[in-house]
Every structure is written in C-alpha cells, then in structure tokens.
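Given next, in structure tokens, is a single chain: the form predicted on its own.
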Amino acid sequence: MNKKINCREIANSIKLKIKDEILEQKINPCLEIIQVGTDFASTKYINNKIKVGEELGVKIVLNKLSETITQRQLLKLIQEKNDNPEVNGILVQLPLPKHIEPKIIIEAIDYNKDVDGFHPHHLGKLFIDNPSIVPATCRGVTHILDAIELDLCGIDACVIGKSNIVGKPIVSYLLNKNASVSVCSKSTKNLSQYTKNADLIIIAAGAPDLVNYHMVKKNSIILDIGINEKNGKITGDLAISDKLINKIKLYTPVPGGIGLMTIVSLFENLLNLYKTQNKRK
C-alpha cells in the first residue's frame, strides 16, 4: 500500500475547478504580489505562484522592492493597491526585512483583498466557525483531510507549531470539527508524550527530523508542513524511514506535499474574493 498522500493529484483537481470557473465566467482576476528584497526561498515560492496563476488564467503583477524600502513607503504602496478597483487580491511575501513589522503590514491590507487570509478579520471568523477566507495553508490541510475522508469528530490530534498563519488557524479548524487537540511547539518538554497519543499529527515547526518513528502511534496520519534545508536538500519536520512508513497509515511528503496545496488554495481564495467584490458592485 502506498502511504504517501498524493497531494499533486488533489491540487490538480482543485486547479481544474478554478480554471473551469474562470473560463466559464470569462473573468480575469488580478493578484498583486509584493516582494521586499531578494530572499532565494521567497523568490522560488513566488515563481511557483506565478506559474500556477498563469495556468489558471489569472493576471499577476509582481512588485519587486528593495529591502531598504521603509515601512512607511511599503504601507503607502499597499494603500494604493487597496484603493485600486482593478486589484482583486494583495499578497505581501513573508518574511520581511527586520525593520518592517509584519503585523502592521498584514493589518494594512484591505481584508476584502487579503488573499493569504492573515488579516484579523478572517482569523476571527475562522475562530468563531464562520470562515470566509481561510489562510491558504490551513485551507490546503482541510482539502487533504477531505480527500482522505478523515472524520475529525472525537479524534486525538496534535499540532506542533503555533504561528498565527499556520498553527493557530489549523487548531481552530480542528476544534470546530470537534477534534481533541494538543498544541505543542519544538520546545515542548516530552513532546512524544503528546504525539504518541495522536491519531493525527500536523507538524509546522520548521525543525528537520523533529518527529521520528519512536514518537508516533501505529496507524496514525501525519501531515508535514515543515520546510527546511538539510544537506542541500529540502526536507520536512518528519524523519522519514522505512520503519516509520510501515508503522503509520498515511503521510504527506516534502517537497510535493502541503506546498502545492497552499498555492492552489491561495488562488481559490483569490477567486472567492473576486466574486465577493463583484457581488458588491
């Protein structure tokens, strides 16, 4: 039995639906991407987004800014995009230089154009189980859980990582589905005490090989969201081994896993924002 979840197949299915809807309605949603600096990983991720956007028929405008730009100048640019009716989605690629406060930038984006779903408006609606735009990685996770037909009601889940853009939204989603959730981090003492009891483990800690064979329950499902560079290769937070694969039920690979789901979910959000904006018109 192949225990690797085929995220590419799930992502392609979602892409097809988005593309069909764009073609059928003869629309051309516009996404503005703002990149500050020349971080290699960010550039690679943006290029992947542009590639998918072009496949879907989305108009993408890339604003490449010097990392010496001031926070004030960046906020002014964001306001210009907020005020432009031709712009349907705004994405500011993280991380930002140290002199720019991400929280201020995220909150400056009009939530009606917040394609990432990081604005407090969207996070608050997810928290009260009335989501509109769900953070893209969290939405990607939900698509995977739907695809494998996992009933979340009553299961024991362990989420490792508690960031506002990944961990916390996923925890809110799982709680809304009546799962019992343990929230941990890479610095949690006796981490295996939590992972060994979990039917579902979602790792978003950014720590290579954090979870291994000895730390997981038989027939558990593991979604690896970690992206790390180790010995010149991209790796996740899960220490993959034959013993681990034989022990668990399903897992997502890195690369070729959650990253694909995050990108297609981003364009799903863009399409939803476009439709909402045009309803108001």
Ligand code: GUN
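Everything numeric here is computed off the predicted structure, so don't read it as measured data. All residue numbers are counted from 1 along the displayed sequence.
Form predicted together with ligand GUN: not shown, discussed below.
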Practice item. Name the stretch: of 194-202, 141-149, 126-134, 92-100, exactly one has residues whose heavy atoms fall within 4.5 Å of ligand GUN in the model of the complex. Key: 92-100
**Study point:** Partner proximity in the model of the complex: Phe118 to ligand GUN, non-hydrogen atom cutoff 4.5 Å
**Key:** yes
Check your understanding: Taking 4.5 angstroms as the cut-off for heavy atoms, does Tyr45 touch ligand GUN in the model of the complex?
Key -> yes
